[in-house]
Ligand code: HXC
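The form predicted alone is given below as one chain in structure tokens.
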Amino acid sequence: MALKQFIQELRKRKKEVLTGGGEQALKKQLAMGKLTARQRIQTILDEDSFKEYDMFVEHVARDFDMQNKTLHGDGVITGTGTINGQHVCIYAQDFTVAGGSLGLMHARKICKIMDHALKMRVPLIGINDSGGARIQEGVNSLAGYGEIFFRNTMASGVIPQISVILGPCAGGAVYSPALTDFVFVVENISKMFITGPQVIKTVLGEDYTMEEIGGAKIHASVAGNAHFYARSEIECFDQIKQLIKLIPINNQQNALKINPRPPKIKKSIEDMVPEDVRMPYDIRDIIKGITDGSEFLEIMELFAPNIIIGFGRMDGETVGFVANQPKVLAGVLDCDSSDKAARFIRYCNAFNIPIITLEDMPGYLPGIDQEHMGVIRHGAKVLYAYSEATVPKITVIIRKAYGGGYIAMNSRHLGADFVFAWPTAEIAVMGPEGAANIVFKREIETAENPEEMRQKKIQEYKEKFANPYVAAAKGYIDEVIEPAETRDYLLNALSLSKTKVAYRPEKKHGIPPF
């Protein structure tokens, strides 16, 4: 056979595989408002950069007449490509082929590209669109999920792992995304369930829609399983590209540095915070007031909005931000916000990203519901994450820093490298109003005018304790700064911290309060 004939045979075989589950299945996928698996890969990656591997892999099942069925690529497409010129490994489940169900060879293809990503130390992107385990393959399907979970865990903290939910993701399949670093969901397309939809409806009844039970909005705002929420697949892919620009390709590299830019803000930073400490404001304004180009990529925007996390750049380099949000619950820490912050802190530490903490909060959220939900355990995660982190850690106290909240938000006592405070900062065991009621209770009760005495004692407490100068006098605050000086102090601290060396006791690993 001549070489040209071999090439023609290869092209014929490739053409068959490229049809996925067939023309009708592809049309049905598009009719549901979903791109095909190959379209998704090509849209995420740089043009013409995708190199596919294991195109001709077939399933090995023999039961239930499976030996007579052809499943092109066994329902998953794997390969490599680039995003903004950066190499990545990628796989996409093909719902047009047996509903993207996971069988033995399907899982082996995914495991192979995961091993490749870890060996080459490049980010891994997984696109999930699957009906779940392939029932006809029995325990082989379950074994496949276990192999994937193990690799997710081994790669954790070594390479970035990104999961994109673009269809159903049910049963054991949901745990791979849960083990990865960032999960992306799309409105009306993403569905995640711990059990199959039919089982859920049997238990809950027909009154619930799939969107209400495990839709994109639920996972992004209520369950906290998703980090990014988009209204279309294209918007989702743009979010992924933004993220890839800001994070390192592995734990031995730094994120890409670009040319520094000054913030683009019209309002002065002093005017962003109301004079009345009881008035809320948006902490994102402060973040954008100090980042390069006033750009900030927020993570988990819809979940636990009383704390803000995300990436920005300072002097052209990526920095992670953790900030209380006074607009929501006065910025208190509760169970969900503690989980959200602690996980992000650990990500930044694993990938050598400096952490800037902006503090303005009255403490942990009190109440029987929070106590029963385990706020002590959840709150301790923040303490653990900050204490464990060895990357540069810088804190700016803007207004309130009360009680356990003051300690938790990267205080000097948890190993902060620099702690700055605005002159508006109030650092105390509790708020002046509550403290005055306790400390000066007798004087207030016996006063001729109790309310007048109470206000007088509140002011006295503020002057004595609820200000940054007491903490500064003890060395807990490095400097009390003017708001306009914030960016300059942060830039200097970040520059100085580049050569930081931190020592920790030798151990296999710690035991965080999971």
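All values derive from a computational prediction rather than experimental measurement. Each residue number is its position in the shown sequence, starting from 1.
FYI, the form predicted in complex with this ligand isn't displayed, but the following is about it.
Novice: Does this ligand, in the predicted bound form, lie within 4.5 angstroms of each residue among Ile135, Tyr145 and Pro168, using heavy atoms as the measure?
Specialist: Yes, all three are in contact.
Novice: Exactly one of Ser338, Asn152, Ser101, Ser163 has a non-hydrogen atom within 4.5 Å of this ligand in the predicted bound form; which residue is it?
Specialist: The residue from Ser338, Asn152, Ser101, Ser163 that makes the contact is Ser101.
Novice: Considering non-hydrogen atoms and a 4.5 Å limit, which listed residue (Gly405, Pro326, Gly126, Gly131) is close to this ligand in the predicted bound form?
Specialist: The residue in contact is Gly131.
Novice: Do Lys51 and this ligand come within 4.5 Å of each other in the predicted bound form, heavy atoms counted?
Specialist: Outside the cut-off, so no.
Novice: Give a yes/no on whether Met210 approaches this ligand to within 4.5 Å in the predicted bound form, heavy atoms considered.
Specialist: Result yes; Met210 sits at the interface with this ligand in the predicted bound form.
Novice: In the predicted bound form, is there a heavy atom of this ligand that lies within 4.5 Å of any heavy atom of Gly172, even though the partner is absent here?
Specialist: Yes.
Novice: Do Arg62 and this ligand come within 4.5 Å of each other in the predicted bound form, heavy atoms counted?
Specialist: No, no contact at 4.5 Å.
Novice: Within 4.5 Å, heavy atoms only, one stretch in 316-324, 429-437, 90-98, 364-372 touches this ligand in the predicted bound form. Which?
Specialist: Residues of 90-98 come within 4.5 Å of the partner.
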